[in-house]
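So this first bit is one chain, no partners, the form predicted alone, shown in structure tokens.
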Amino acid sequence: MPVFKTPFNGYSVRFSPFYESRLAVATAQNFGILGNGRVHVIDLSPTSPIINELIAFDTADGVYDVAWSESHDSVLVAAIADGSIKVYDTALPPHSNPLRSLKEHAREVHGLDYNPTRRDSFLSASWDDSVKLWTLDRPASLRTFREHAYCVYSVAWNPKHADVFASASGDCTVRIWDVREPGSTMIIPGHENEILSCDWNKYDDCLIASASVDKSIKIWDVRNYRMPVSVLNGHGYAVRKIKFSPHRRNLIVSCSYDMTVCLWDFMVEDALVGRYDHHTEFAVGVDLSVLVDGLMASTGWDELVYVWQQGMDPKAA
């Protein structure tokens, strides 16, 4: 299966919603603590197990996340450690990029999510405890959401309701928001430890998952969130990122500081259906292709990006 070596430590990987062979990778030098960053845009070869770099963008600070535009096939946004969001266009040469730099957050930007239904706006999550709403045609954010009491690590738009999103925070809560409302509409005190990631189910817009430092993943029904629908235990350390499958209702993928990527069916008793131990350092980025059923990607602090088909060995040549 294809492997791509990055000069810096991998932080996030995202499949393009337009091209089935294209991905973006966020990386940061020195494990993101201090130093430069780079965004890689890479293409899978249809005929060989080689990943080609289409273009790369260098930054003065680490890059913690990337998100593809849902309306422009060559545009992506990057979350930067200096508190900025950089907008890039892969159709333009590196010296014409970034198109712009959006700087409002007071601390590191850690998570991004582009609105998949409205397609004109995106969210940023920051260690300054806030979430901001942006559109590419405006230099300032449309709105700032401040309720969390600690770093916000992750944001996710609801796949069906264009105004609804969720945020996951180090204050041990997931909050549900509606951009038309003045404050959060729901607070889920999901875990005893920091919550690092959240995602909505792509087939049931009432189901949301949370992943925590407590090593667990929990599935919640927002209509009755006193008890989780399911609790997925199996990781040995903090669960860093989770993603629901765009193709199968009950499937969710996770990656962890235990260096593994896990695949779960949250509706069955033996929920763990696959464990991949190809990384040799913290596995911190994972994604599932919207365009190709079962195609997965992961990245980690071992400076490697793996792309593979579910059920296959990521390390197999």
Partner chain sequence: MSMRELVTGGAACAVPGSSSSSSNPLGALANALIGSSSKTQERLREIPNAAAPTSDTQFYSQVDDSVAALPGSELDRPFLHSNAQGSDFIRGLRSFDDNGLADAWEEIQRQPHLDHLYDPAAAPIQPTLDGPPQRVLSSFLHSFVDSSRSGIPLHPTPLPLLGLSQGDKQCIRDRSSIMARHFFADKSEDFINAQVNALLSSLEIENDVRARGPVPGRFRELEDYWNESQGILKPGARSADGWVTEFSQYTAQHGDTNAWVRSFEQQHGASSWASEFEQEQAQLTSIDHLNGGDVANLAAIEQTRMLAHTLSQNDDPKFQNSKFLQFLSKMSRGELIIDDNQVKPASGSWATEYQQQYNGGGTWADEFVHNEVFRGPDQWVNEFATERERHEQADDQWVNEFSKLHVDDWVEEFGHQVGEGILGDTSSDNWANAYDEFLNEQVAAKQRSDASSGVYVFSDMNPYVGHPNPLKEGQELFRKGLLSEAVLALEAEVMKNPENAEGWRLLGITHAENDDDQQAIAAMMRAQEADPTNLEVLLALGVSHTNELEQAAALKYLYGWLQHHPKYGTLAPPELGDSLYYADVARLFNEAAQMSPEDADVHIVLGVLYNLSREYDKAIASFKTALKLKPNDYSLWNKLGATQANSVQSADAILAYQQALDLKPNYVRAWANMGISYANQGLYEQSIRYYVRALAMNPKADNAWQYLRISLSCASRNDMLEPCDSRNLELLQKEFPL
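Quick caveat: nothing in here was measured; it's all calculated off a predicted structure. Residue numbers count along the first chain shown, from 1.
Keep in mind that the form predicted in complex with its partner chain is not shown, yet the notes after this line are about it.
The listed set D61, D287, D265, D43 contains one residue whose heavy atoms approach its partner chain in the predicted complex to within 4.5 Å, identified as D61. Within this chain, K243 is remote from the site of its partner chain in the predicted complex, having no heavy atom within 4.5 Å. Put simply, N233 is far from its partner chain in the predicted complex: not one heavy atom of it is within 4.5 Å.
Among residues of the shown chain, A271 is not one whose heavy atoms approach its partner chain to within 4.5 Å in the predicted complex. Within 4.5 Å of some heavy atom of its partner chain in the predicted complex lies at least one heavy atom of Y153.
Residues D120, S121, W127, D129, L133, T135, L136, D137, R138, P139 of 120-139 are found to place at least one heavy atom within 4.5 Å of its partner chain in the predicted complex.
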